[in-house]
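Only one chain is shown below, in structure tokens, and it's the form predicted on its own.
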Amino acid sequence: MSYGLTVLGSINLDLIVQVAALPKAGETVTGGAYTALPGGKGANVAVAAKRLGAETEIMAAVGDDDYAAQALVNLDKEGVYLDAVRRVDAHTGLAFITVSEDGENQIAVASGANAAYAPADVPKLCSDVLITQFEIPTHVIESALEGYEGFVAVNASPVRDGVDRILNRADLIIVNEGEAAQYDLKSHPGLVAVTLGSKGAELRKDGKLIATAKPPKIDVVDTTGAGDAFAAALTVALAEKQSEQDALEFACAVGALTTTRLGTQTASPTRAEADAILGR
């Protein structure tokens, strides 16, 4: 592609336990299967975008610990540029994820290096497209956006207060139904994509519905990385100048394909897989 894409966000190591059913409050569920996989919303988006064909770099922080190498392995393997990844005096971000047989999940995150990330750690943005999320400090994002004139996509997750300046700058905001209810996006002048789980997604512009799409029928294994893959796919498709309808259909297909495999980065589909399921 002729454009460059920067992801400004988090890098984690996901510690995953698969169980028959998610534990209730105060309950211990035994007999689980364990695996450790690279994660973090920023890293997930970066891998997804690279697999879909975008020349991608990530600006992020990891700790000076043994977890860092495990967290970076997929980014390095996929060819995401890592020159802007900083080592900071904190542990690498960790996500503790429980996944049930029906694909639902519970996640607790120890932010570590992601919370210690500072504006001074972020070089000047030079790419045409930026994707960011709220697993890093908001003042880091605000600082990075100063003077930036490229396309800004904000996956406004997890929900945070005090992010109006970032949302107002966004050309594209991506949220799920629960997140959409927490923000006042009805008057946002740009694009707002709302994911609806198995029902698909909607895309609005200037508050008006301009596109809807449904995901292809698939067998769900793990829903953990679907939102990140959707965000990457929609941003990549719009950067390619696909129509809003085609871009939303593409993003729904990529999100759905991600749920057919365990994990986040390892589950992201290739461009060929996404195009094939859409018959393109």
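Numbers for residues come from their place in the sequence shown, where the first is 1. This structure is a prediction, so every number in the text was calculated from the model and none was measured.
Omitted here: the form predicted in complex with alpha-D-ribofuranose. The next part is about that form.
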Partner proximity in the model of the complex: Ala118 to alpha-D-ribofuranose, non-hydrogen atom cutoff 4.5 Å: no
Should Leu172 be counted as a contact of alpha-D-ribofuranose in the model of the complex, where contact means heavy atoms within 4.5 Å? no
Ile107 within 4.5 Å of alpha-D-ribofuranose in the model of the complex, heavy atoms: yes
Determine whether any heavy atom of Ser268 comes within 4.5 Å of a heavy atom of alpha-D-ribofuranose in the model of the complex, and answer yes or no. no
Tell me which stretch of 240-248, 214-222, 34-42, 59-67 has a heavy atom within 4.5 angstroms of alpha-D-ribofuranose in the model of the complex. 34-42
Looking at alpha-D-ribofuranose in the model of the complex, which residues in 227-253 have at least one heavy atom within 4.5 Å of it? Asp228
